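Okay, so we've got a single protein chain in two different forms coming up as structure tokens, structure 1 first and structure 2 after it.
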Structure 1
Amino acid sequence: MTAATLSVSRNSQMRAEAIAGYAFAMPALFLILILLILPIIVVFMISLTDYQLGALTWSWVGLANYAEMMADKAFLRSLANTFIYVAIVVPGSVGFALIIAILVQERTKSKAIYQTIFFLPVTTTLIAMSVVWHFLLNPSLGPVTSLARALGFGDFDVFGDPDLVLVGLAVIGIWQLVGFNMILFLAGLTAIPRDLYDAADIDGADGVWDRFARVTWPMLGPTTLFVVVTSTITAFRVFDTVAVITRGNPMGRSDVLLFTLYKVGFQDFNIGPASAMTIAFLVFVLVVALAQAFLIDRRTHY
């Protein structure tokens, strides 16, 4: 067999493999286009109109909805509240999850029990648990506030105080995210070769902090990147606790992006402006997630 024949045969095999690969990928690509890309395109097109839910007529308004949105004080307030919420939830959920994962990893017999206990919040319905949290922190009947009063901290209303409401909602968000992040960190800790710790001991890194700083933390880089990005996306999607507990009160201090979008679209029936807020929300989440991935990835050891 000549070299030319071998080359033709190899090219034919590569072409057949490429066609087979495209054939296997097409169903997934088709579903992504239909279920993800197409709805986003439709929402963007609606955002350029003055369409109201149930209306039979509508007209194009171009970027007017976006201009009104950026001049709307309620939208800007909800945007600021959302970023404050994210700034509390992401470090809290990632930091606590890492600490708990390291402590649970050191357990032997009771490891599975602790994993189950901390993962339970992930399996619960957040709407139902929001009702429970609302009762726990109720200023009159809640056991948490009653205990704080008994310890001499005085009366306080977490969800009624403009300065505390976002912190209270963020605590619920951290509580709900810690278990899932802990499982991810446990997987990352399990994947770290034990030989690295032995080598660190030989080099003199025999303290707990030295082992963490020189081995554990650098090797958890890829896991930390994934946890931070997913936690950020989840935090931006806060809606359930606001809708059940505060509904944006007091004085709009707990109004967040998704709840504002819900009010504009499904209470005022202004689907055009709500669609513009949806596109803005997607852009904000995408930009923040990409910025985090870029910044953390530069310091990640693979």
Structure 2
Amino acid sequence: MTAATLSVSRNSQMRAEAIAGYAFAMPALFLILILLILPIIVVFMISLTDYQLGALTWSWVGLANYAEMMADKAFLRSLANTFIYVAIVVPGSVGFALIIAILVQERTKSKAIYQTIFFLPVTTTLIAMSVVWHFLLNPSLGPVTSLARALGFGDFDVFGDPDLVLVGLAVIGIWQLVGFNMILFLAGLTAIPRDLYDAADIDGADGVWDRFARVTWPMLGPTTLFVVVTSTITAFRVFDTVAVITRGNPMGRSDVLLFTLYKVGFQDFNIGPASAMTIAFLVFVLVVALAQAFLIDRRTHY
């Protein structure tokens, strides 16, 4: 075969490959455009208009929707509530997951059963389990409250108490998330070479704390970062428990971002502010994702 025919056949192969590539990627690209890119552009445009659902005319209003959003006490409160919720759920679910993973990792016979139990909430329908939690913590009928009463802790109404409601929701959030994080930590722990612990033993780092501080924790760095990021995003999207249990009550103390967005956008059909909130939400999510990409570059040493 001469060089010329060779390059012709190579070219035709490349062309065939490119045609196939476009043919296979086009349907998905079409969906990406109409279900992802276009909606984001549209929601951004709407956030700059006074569009109302079903209206035939609309006009540009600049940043008025954003101004309204920032002036909206309910929105700011829901934002603050969401941050408080995240601030409880992330350390709680990450910290407990790490402890559980370390304890479970060292078990031999009972490892599988503990894994199953802790992972159970991850698979189950949170709505149904929220109904159960609501009942468990019911101030008059709930077994947890009656047990607490019997033990002399007095009456308490977790979801009715403005100071406790976010904590109550966060407990459910941790309950659901901890098994997921545990699995990720277990994967990270398994990847730590046993030799390193042996070397630490010989070097004298053989106490529980030293082994953790000198080997486990630094070696888990990338895993921990990843777990913190996914947990933050999951916690930031809290919606189901609020929608089922508190609906933002009492006194808006459990209003969270997505629940407010849902109310404003799909119950009040206040499209302008809702789209502004959507953009705010997107910005937050992107910031977390970028932070993760940046930190992963810096934190991985090998």
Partner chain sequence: MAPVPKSRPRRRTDRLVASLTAHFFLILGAAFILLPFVWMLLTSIRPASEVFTAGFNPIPSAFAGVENYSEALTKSPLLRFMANGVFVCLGILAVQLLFAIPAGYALAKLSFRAQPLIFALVLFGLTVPVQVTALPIYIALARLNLLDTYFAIMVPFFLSVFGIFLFRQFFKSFPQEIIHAARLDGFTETEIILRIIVPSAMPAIAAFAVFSITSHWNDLYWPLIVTTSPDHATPPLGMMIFRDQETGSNYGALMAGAAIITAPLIIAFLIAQRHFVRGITMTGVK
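All residue numbers here follow the sequence of structure 1, with the first residue given the number 1. Definition used throughout: the rigid core is the maximal C-alpha set that superposes within 1.5 Å between two forms. Owing to the predicted nature of the structure, the values given are computational and were not obtained by experimental measurement.
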Number of the structure representing the form predicted in complex with the partner chain:
2
Please say whether, between structures 1 and 2, the C-alpha of residue 234 moves by 2 Å or more once the core is aligned.
no
Rigid core superposed: residue 251 CA moves 2 Å or more between structures 1 and 2
no
Does residue 280 move appreciably between structures 1 and 2, meaning a CA displacement of 2 Å or more on the superposed rigid core?
no
With the core fitted, just quote the Cα shift at residue 26 between structures 1 and 2, in angstrom to one decimal.
7.8
Angstrom shift of the Cα atom of residue 16 between structures 1 and 2 (superposition on rigid core)
12.1
